[in-house]
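Next comes just one chain, in structure tokens: the form predicted on its own.
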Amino acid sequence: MRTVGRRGTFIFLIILLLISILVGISIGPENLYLPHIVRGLISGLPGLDWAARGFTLKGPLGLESHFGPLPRGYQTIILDIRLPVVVMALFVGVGLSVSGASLQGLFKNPLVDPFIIGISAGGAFGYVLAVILTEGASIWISQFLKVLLSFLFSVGTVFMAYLLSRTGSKVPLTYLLLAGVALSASLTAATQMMVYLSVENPTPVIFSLMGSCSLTKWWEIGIVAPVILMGTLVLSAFGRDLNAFSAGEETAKHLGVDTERSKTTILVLASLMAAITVPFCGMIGFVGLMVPHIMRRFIGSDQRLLIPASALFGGAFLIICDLVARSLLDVTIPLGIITGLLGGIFFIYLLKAKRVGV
């Protein structure tokens, strides 16, 4: 019965993800209907551009169905404007959710979010530093340095926390968590100071840091998607080790887990998945906290199931959040505000329900 329940949950999550993708594409200033979306998506495949030009289907008994060309501009709206935003939200949701589930399992702490160990703060610092250094430079140099410095500072912050918390040949997880919180606070203050003192027009920078997928380009997805897919697959393979960590490091050693190697690999991959989202979509918090918590209610704590379930639900969740951010008012609200509001409410719920040991 338990197996049927889990299988049903995964089927529901797949259906939810597909529906969220279609709804994310359909709703906007110009609402699109399902037949238009399907034809627009098909027309983007090699050799199938006829789906947009119009065609005739022959049915039984000689009946024919005629489909005219897609309305003017629909193909561009679907393939070049809305689909990249939805796909980026999907991958960012997957990355943050899988990262959160893995870090919570590693730290044995349900309150750990990918950004609490300094990933977000490091990325924001690198992004603003690149804005200052590339003032007046070409757009390609500016974009390249923003991505490079944001990514390097994100991962570098985690490694700095790793070094600060290292005692001998071991890295106590509690020390690592505290080092991450301390570095996050320091880098956030430094970033705010740079914006205040050195950025001539701070509004676009502040908007970018608040989180958004609304300006996504396909080349950006080409960078983010492989990292997220690779990290999800590898961390799923480490599900057994994460299950062993839940019983304590000593118990994990007795179960044959190379704790230091597994700890380092999981930490690096989880950090990498969260870090790659920062230069392209800014700081989107609480996704890695909320999604694994919700999935545990339906799937349980087995990381071999929790990680893929979190990936599916995380992708659908962030697509829906992005849709709300784009559609709630006449202006696009930063995605980080939506997830922050939901995360705050969810955090209060956890405390009231006494589901966390604090």
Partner chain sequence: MKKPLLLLMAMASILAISVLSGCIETESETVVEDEKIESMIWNFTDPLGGKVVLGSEPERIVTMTPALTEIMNAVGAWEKVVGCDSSSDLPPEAKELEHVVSWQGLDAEKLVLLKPDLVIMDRTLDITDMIYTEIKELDIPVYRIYPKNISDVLNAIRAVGELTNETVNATAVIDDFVERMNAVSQAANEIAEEDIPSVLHVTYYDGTADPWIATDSTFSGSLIIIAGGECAISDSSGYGVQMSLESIIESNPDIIFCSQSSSWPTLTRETILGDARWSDINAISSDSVFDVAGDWCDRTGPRMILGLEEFHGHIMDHVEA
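Numbering follows the first chain given and starts at 1. A quick note: this is a predicted structure, and the numbers were derived from the prediction, not measured.
Beyond the structure shown, there is the form predicted in complex with its partner chain, which is absent from this document and is the topic of what follows.
The contact with its partner chain in the model of the complex, taken as any heavy atom within 4.5 Å, belongs to I77 out of I116, I266, V155, I77. Exactly one listed residue, out of S214, S262, S236, N243, brings a non-hydrogen atom to within 4.5 Å of its partner chain in the model of the complex: S214. Using a 4.5 angstroms threshold between heavy atoms, F159 stays clear of its partner chain in the model of the complex. Although the partner is absent from this view, L328 stays clear of its partner chain in the model of the complex, with no non-hydrogen atom inside 4.5 angstroms.
Shown alone here, N201 lies within 4.5 Å of its partner chain in the model of the complex, counting heavy atoms only. Remark: Q143 counts among the residues lining its partner chain in the model of the complex, judged by a heavy atom distance of 4.5 Å or less. Taken together, the three residues R72, I139 and V195 all come within 4.5 Å of its partner chain in the model of the complex, as judged by their closest heavy atom. Only one segment in the set 250-258, 143-151, 224-232, 108-116 has residues whose heavy atoms sit within 4.5 Å of its partner chain in the model of the complex; it is 143-151. Interface residues of 82-103, taken as those with a heavy atom within 4.5 Å of its partner chain in the model of the complex (partner not displayed), are limited to R82.
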